[in-house]
Ligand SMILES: Nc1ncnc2c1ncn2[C@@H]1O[C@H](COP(=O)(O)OP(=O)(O)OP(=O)(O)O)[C@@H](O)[C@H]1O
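What follows is a single chain, given as structure tokens, in the form predicted on its own.
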Amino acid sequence: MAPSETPLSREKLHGNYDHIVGESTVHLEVLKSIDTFAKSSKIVLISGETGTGKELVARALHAESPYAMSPMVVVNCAGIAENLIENELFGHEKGAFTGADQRHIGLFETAFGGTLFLDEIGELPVRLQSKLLRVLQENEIRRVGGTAQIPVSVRVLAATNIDLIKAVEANRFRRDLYERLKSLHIHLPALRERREDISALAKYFLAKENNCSSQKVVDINPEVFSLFDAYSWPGNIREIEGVIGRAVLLAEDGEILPHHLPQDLQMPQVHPLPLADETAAANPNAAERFVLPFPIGTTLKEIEKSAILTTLAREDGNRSKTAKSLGIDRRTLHNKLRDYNA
């Protein structure tokens, strides 16, 4: 750090972010961006892997903004059927289509004076992206089946867990909309990129579980923290919250121990090891060898089960996404989960 640079610290922030846990440099950079962007009325794009806390950041941006006294409306662009999302966002007039027996107010109007959070915006159908762009440029909407342009005063936040640049290159996301979104951008690091925060997060979620549970767990064994530090955390913060919640239920003696963790956390992680000189000479095309990421004696069925359940947790229980990630069809996944009683 150059002599003129000031170290990052929470004390220099204007807002209260005690509920966003972590003291790593990359995390404090995120808090600094929240603090800076919150006072603006401009769109903020929040990117990061699943489970990194994008909605938590959106809520902090809203809470510290001039819009905080009005509602924050959340819409999951991937959670609404494609033929319904335009109606949900912009509303419709009476008689706009069969069954539209009364006017429906959309989410842009519902959030008037407040914040509209468009989660998973990368999943918005391409045909609606141009309409969204127009709304962001003109600050007005037109209901389905209507002719009037209706002014809307709303602060828009958007989040994505996909690479929008790659989506633009694949013609799945409009470049002009991406350019509109990206001017204020907060990227959330994966938990494996801020390992120094793992211990604090585990203790935070333990305290949270204790507050809402009759069973009190007072400690986490040091061996557990060692396993946490070695783990890759594909589900990020959401995964560690789930791991702690599960462990609290199992920890009958008031301490979380290694055997209270899911099987995949108890397994050693994959670490590349250099080959010995003789081995390298005998295998000129091999640069590395790997230790097994599971104990010797683990059955193939156990490995498969661990992979499926871990992927399912990482995809927030979405079976279609889980099947796609694993390269199997949804029926195969369903049958395997039935075998696991999951």
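Counting begins at 1, following the sequence as shown. Under this definition, the rigid core comprises the largest set of C-alpha atoms superposing within 1.5 Å between the forms. Small disclaimer: the values here were computed from a predicted structure and weren't measured.
The same protein also has a form predicted together with the named molecule, omitted here; what follows describes it.
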query	finding
Residues His19, Glu49 and Arg194 all lining the named molecule in the predicted bound form, heavy atom within 4.5 Å	yes
Heavy atom of Lys12 within 4.5 Å of the named molecule in the predicted bound form	no
Touches the named molecule in the predicted bound form: Val152 (any heavy atom, 4.5 Å)	no
is_contact(Lys324, the named molecule) in the predicted bound form, heavy atom dist at most 4.5 Å	no
Interface membership of His92, the named molecule in the predicted bound form, 4.5 Å heavy atom rule	no
Segment that reaches the named molecule in the predicted bound form - one of 138 to 146, 200 to 208, 103 to 111, 243 to 251, heavy atoms within 4.5 Å	200 to 208
Sole residue of Ile237, Ile256, Val156, Ile186 within 4.5 Å of the named molecule in the predicted bound form, by heavy atom	Ile237
Proximity to the named molecule in the predicted bound form, single hit among Ala38, Leu28, Ile308, Leu56 (heavy atom within 4.5 Å)	Leu56
Ile20 C-alpha moves between the shown form and the other one by 2 Å or more, core aligned	no
